[in-house]
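Before any questions on binding or motion, here is one chain by itself as structure tokens, the form predicted alone.
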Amino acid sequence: MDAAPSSFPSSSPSPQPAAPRPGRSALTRYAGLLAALVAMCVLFGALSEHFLTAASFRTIANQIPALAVMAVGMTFVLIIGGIDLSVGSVLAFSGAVMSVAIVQWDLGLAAGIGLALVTGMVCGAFTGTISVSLRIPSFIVSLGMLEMARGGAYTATGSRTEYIGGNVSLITDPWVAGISPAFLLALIIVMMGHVLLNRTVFGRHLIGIGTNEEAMRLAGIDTHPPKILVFMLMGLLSAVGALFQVARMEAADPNAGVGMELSVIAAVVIGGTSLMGGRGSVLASFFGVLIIAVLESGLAQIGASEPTKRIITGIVIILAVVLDMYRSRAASRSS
């Protein structure tokens, strides 16, 4: 008589998800994003004689550092199947703490930057811990943090713009060929994020969590710490974005970053990161940032009104989500 199949799980550990390698599909995605970027540049160049100039591209490069570094963090958040709507408010709160430390407490620039970075990490840790530990959707928790951080920014600055001045603008002042150090630092952070996601065990675990968190648990991996760390990273990079914005304006504005979470999520989704988790690329998100920046700059140069810019940007975001849906379905059929 044949023995019944055992219902006990195998003692051998489940295989961990392999790190994604830039194969044909990744190269195709990069090529598609690059083609879209070039097509937009050609279109706006034809519509405006001032768009295809070195000054125009320098302006775009010096405007995107905050968006670029925050897109790195949002890529990680979406890959684990989460979302963070508080990034714009955390940016404002971190900038407000920085201004209070420098102007009111007279602690100096270095201490102000340090406190701003800690503030961002604490906000991210709060969102991640509450969401992960209590199994509350990060959408809801980050919505609460959005209000808390914005209220903190108003409280810290007395609901007014706090001017800092001094050497704070050095990081955003034009440097080599008119490019600011902030843009170069943003590029370094993008490359570090790419390596972290694609070349480390931590990155493999994040992709595994987004793909099938239960399988990761069965493989003996505690999924809570990596998820909390991802939200802390998002908060830290929001604070870095605050540093760039404060340096650029030489002031902390409690209204800074309003609606910025939408631009960050849009850039990451345009880059092909799945809203369902498990798939994404930091480099592709950077292409998404460039597409958003070129779109906004080009529409401004051809004289498009603010409502028109919002409508066109919204259409681009919807098209990106639709393409992501078709990519996900095609991938599931081929697997």
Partner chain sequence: MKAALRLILAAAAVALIGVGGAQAADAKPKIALVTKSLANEFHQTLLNGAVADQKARSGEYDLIANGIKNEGDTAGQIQLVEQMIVNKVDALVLAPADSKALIPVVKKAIDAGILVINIDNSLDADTLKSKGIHLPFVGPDNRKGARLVGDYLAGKLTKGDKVAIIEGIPTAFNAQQRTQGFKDAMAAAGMTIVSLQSGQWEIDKANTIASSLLTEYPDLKAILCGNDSMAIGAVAAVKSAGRTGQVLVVGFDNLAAVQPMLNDGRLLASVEQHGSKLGVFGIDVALKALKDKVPQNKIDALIETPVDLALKK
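Positions refer to the first chain, counted from 1. In this text, all values refer to a predicted model and were calculated from it rather than measured experimentally.
FYI, the form predicted together with the partner chain isn't displayed, but the following is about it.
- Not one of 131, 139 and 261 comes within 4.5 Å of the partner chain in the model of the complex, counting any heavy atom.
- Heavy atoms within 4.5 Å of the partner chain in the model of the complex are found in one stretch of 33 to 41, 58 to 66, 267 to 275, 282 to 290, which is 58 to 66.
- Though the partner is left out of this view, residue 53 does reach within 4.5 Å of the partner chain in the model of the complex, counting heavy atoms only.
- Interface membership of residue 85, defined by any non-hydrogen atom within 4.5 Å of the partner chain in the model of the complex, is ruled out.
- Within this chain, residue 104 is remote from the site of the partner chain in the model of the complex, having no heavy atom within 4.5 Å.
- Although the partner is absent from this view, residue 189 stays clear of the partner chain in the model of the complex, with no non-hydrogen atom inside 4.5 angstroms.
- Looking at 165 to 184, the residues that come within 4.5 Å of the partner chain in the model of the complex, counting any heavy atom, are 169, 173, 174.
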